[in-house]
Structures are given as structure tokens and as C-alpha cells.
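Quick setup: one chain, the form predicted alone, written in C-alpha cells, and binding and motion questions come after.
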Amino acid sequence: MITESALRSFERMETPFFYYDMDILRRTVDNFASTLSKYGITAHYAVKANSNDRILRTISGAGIQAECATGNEITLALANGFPAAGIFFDGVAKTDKEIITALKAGIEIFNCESIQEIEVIDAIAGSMGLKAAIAVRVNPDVDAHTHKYITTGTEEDKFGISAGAFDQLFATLARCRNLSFQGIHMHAGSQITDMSVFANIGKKAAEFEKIFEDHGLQVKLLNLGGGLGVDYNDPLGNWMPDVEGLARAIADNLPVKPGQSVHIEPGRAMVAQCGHIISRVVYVKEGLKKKFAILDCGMHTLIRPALYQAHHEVENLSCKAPIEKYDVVGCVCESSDTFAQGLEGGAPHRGDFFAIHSAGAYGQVMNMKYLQRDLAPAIYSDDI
């Protein structure tokens, strides 16, 4: 995905930077759009995964809708071509200001995470003379089989409303006059590669639907959240996520009634594999037992490995042989600032270009100015 021509272009660029393969992005997004259309499923891209303007415009241009977690993300989505009528607003801590922003914009749905949030949205909508369309995020208590820091759907998580609070929930919905209940929302976690998880979510959605309808609430909308994972171990050989497997798992386990709509909220799976961090080796250090390739990027550029031990494939683009074993580390004075331990790759030299793959999701969007280093900019394959 990083061609020799691109590598030659890197010579005149200051590192580190995020390199986006726009062809991979377009093909991935188009696959989502065409595959989900066959199954009657609507995708809402999770803006938090990558909020780069050019990335957003590419996704909105393919007819994908948006899922936002803050008021500022709503504003950004609107500025980049996502229609307000397709925006879902998630998040456990929607502030009054953000709720007002969303109501003024005319978004499609508030995905409500708590009973108190429902009451607050009802009050604010009433004060504005509006009616807010909501879905209730229920806690499916489904194990996502993923890292504990990105699991969101068990009964001990802070997200969603568990079945034990349903009596209070139904009583609250009955007395709220400024809300329009539309359906249910759930999300089990992120980086899910086991399609049985999505099958279980589909089954749970059908169970919750019956509970809500038994209490007189018509479920028009079924939102199964996001979480589809990508192959971090083979990003160049297996870059297309299993959209077909996801859609089939949902369709086979979730009966859909006439007039109902089904939605998902993918983020990582759309953008992870199109992005790479390009960095230079600043120094090569020979330790007593280890060799270190020290890059000019660090945990401030890509925090995922330090935050929850996430794996990203690392490649020496400048030197393919001879093969040596060494650690690839960042420039921040933290022991956790490590990108690869015991990498078996081309021998590192000062000035070599290294690529950290699968950095399109939760890379640039979490980039920070720690130590007052410059933010890594974006470079696009279409421009070089």
C-alpha cells in the first residue's frame, strides 16, 4: 500500500506524519455501502475514529450517515456533508450545551444512556418548544471477547441501561411529553472479530424489542452499534474488514418487521487500514542485550500501544535486509512508549523510514502536543 513512488516522495517531507491511502479508504467505504444496502442496514460512521476533514468528506460522499459523541462532532459532521437527519448522538455525558446544539441542528436520534439523561433531554426540548427523537441504549450483557478497556456491553459497564432499571425507565418514558421514542440501541465493544458476538447482539435486540413492545412502546429503530474489528496482524494482506460476515450475522439473528429500520455504527473498520504513521529513525542504540530503533514519533502520535497494549505492525520501509531483531521505540521518556518488541525486520539505520500500520483509526484524532512537539500532519496518496 506504500509504493516506491510514495517512498521517494517521503524524502522531501518532515516526519512524523499520517499517510492516508485514499484508494483503500474509498474501496472500504464503498464495500460498506454496497454490502449493507443488500441487507437493508444503514451505517452511521463513528466520527470519533477519525475526524480528519478529508476522511469525513470521503465517507459522507458515499452516502454513509454519521454517529457523533459530542456537540463539536455534530458541528464537524455537518460541515463535512453529513445530513443532520442522519446523525445519531451517542455518549454517556451529553451536556446541556451539546443537547441544545443537537436539537437546533435537527439530528435524527439521541441515543440515551441513562434515565436522568432522558429526563434532561425532555426538559430542554420542552423549554425550546421541540420534541426530541430518542432511542434507549440498553445494556445487552454480551461479552465482546475483546480487550477489557474497550468492552462496553456487560452489566458492570458504565454504558447503557440494564434490565434491572426497566421499570423505572418505562415510568419515565410515560411521563416525558417532549420526547418521541423511536427504538433501542446497544453496543458490546470494539475490535470484535468473532461474528458470533454480532449474532448474539441480534438475538438480544429481538428479546429487548419484545420487552419494550409488551410495555406499549413501538420499536421502529434497531441500532446494534459498532465494534467490527480489523486485522492488525496482517494489515497489508487482509485490509478489508468482514462487512459481509457482520451483515449476515445480524440478518440471520434479528427478525425485522415491516417499517422497522436497522442501523450500525462502524468507525475503526472503515478507516484503520487506510492510515499509516511514517516516521524516521533518529538514533540506533546498542544495549547490552537489545538493539533499539528510536523513532521521531511517540506515544503522543499514537497512544494505543501505551494505553491498552494495542498491537500495530511496524515495518522498516528503507531497509529490507539483512534481518535483525530489535525493539522499535518512541521519542517520549516513558517506558510504555514502545511500538514493537523483538521485531524481526530490516536492520535499522539513522534516517530510515518506518511505517506503523493500521493507524487510520484512533491515531491522528488522539494525536497530542505532549512535550510541545508538533502535531503530526496528514499526507494523502492522491496528492503525491
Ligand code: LLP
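Keep in mind it's a predicted model, so treat the numbers as computed, not measured. Throughout, we count residues from 1 along the sequence that is shown.
There is another form of this protein, the form predicted in complex with the ligand, and it is not shown here; the text below is about that form.
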Answer among 102-110, 303-311, 206-214, 285-293 for heavy atoms within 4.5 Å of the ligand in the predicted bound form: the stretch 303-311
The one option of 274, 77, 228, 184 with any heavy atom within 4.5 Å of the ligand in the predicted bound form is 228
The one option of 298, 266, 202, 71 with any heavy atom within 4.5 Å of the ligand in the predicted bound form is 266
| request: Indicate whether residue 43 is a 4.5 Å heavy atom neighbour of the ligand in the predicted bound form. | output: no
4.5 Å heavy atom contact, residue 357 to the ligand in the predicted bound form: no
So, residue 22 and the ligand: in the predicted bound form, are they within 4.5 Å at any heavy atom pair?
no
- residue 10: heavy atom within 4.5 Å of the ligand in the predicted bound form? no
Across 353-369, the residues having a non-hydrogen atom within 4.5 Å of the ligand in the predicted bound form turn out to be 362, 366
